[in-house]
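Single chain ahead, by itself, as structure tokens, in the form predicted on its own.
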């Protein structure tokens, strides 16, 4: 019966982000949620448990106020959780997150399979899963859209540029899953109430030995801006010609004969 870890990130719900008067991001009224991609990872772990037994352990690295996310992960089918919490764990880089996860998982959480989303809903760097596998020295299979465990081996169907690829790996292993691997269940009231009674372990920063230094600095984040020209074009040949000429003037397409 496999012991499975589902890593997740507590991120800003983009639906609440507003654009400030100078183009800055207004985060004063935002809510938070489990990253959409990580919901697929949790759901797939739960489905594997339903098929093979075992347990599902959601794990996250975040600031203390993300405790609500731990309850959410447990309501989605987790058996128990690990919450690696500290005020210093705001806006970690992928390298930092992977290193923190690796130390805790290596020392505290026996596992056969680790599942991650292909990327996070905010940075979408697609680095935490592969970096974590490297730290733990276990196989990593990325961009997985179908997953099964057969005779103690992991069988994964992954999407690549050339099409589909089916690979096998021994356990323990790590996979990053695509959104089309499943449709995450929506927790009901009973699931939410049950989650409050499930155990979770909080790991503090001073219990860890790593330094986890940052290597990047964010200088500026600005909202995108769309400018509309409000030009209308018909379907007649002269309208199409006028449309193409307009695109040429704006540099969207090359000049005639270029």
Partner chain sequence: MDFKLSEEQELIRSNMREFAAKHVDPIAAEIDENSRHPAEVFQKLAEGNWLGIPIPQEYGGAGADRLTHVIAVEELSRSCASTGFTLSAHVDLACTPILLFGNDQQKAKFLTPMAKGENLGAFALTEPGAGTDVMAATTTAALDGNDYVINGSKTFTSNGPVAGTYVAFAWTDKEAGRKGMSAFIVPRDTPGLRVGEHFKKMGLRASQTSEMIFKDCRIPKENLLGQPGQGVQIAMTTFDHGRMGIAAQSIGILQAALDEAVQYSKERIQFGTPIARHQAIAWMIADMATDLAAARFLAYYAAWLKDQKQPFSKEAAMAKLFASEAAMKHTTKAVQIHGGYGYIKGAKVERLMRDAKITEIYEGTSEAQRMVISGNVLR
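Residue numbers count along the first chain shown, from 1. Worth saying up front: this structure is predicted, and the values here are computed from it rather than measured.
Another form, the form predicted together with its partner chain, is not on view; read the next lines as being about it.
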I need the one stretch from 63-71, 205-213, 22-30, 49-57 whose residues put non-hydrogen atoms within 4.5 angstroms of its partner chain in the model of the complex. 63-71
Determine whether any heavy atom of residue 190 comes within 4.5 Å of a heavy atom of its partner chain in the model of the complex, and answer yes or no. yes
Could you confirm whether residue 111 comes within 4.5 Å of its partner chain in the model of the complex, counting heavy atoms only? no
Mark residue 196 yes when one of its heavy atoms lies within 4.5 Å of a heavy atom of its partner chain in the model of the complex, and no otherwise. yes
So, residue 183 and its partner chain: in the model of the complex, are they within 4.5 Å at any heavy atom pair? yes
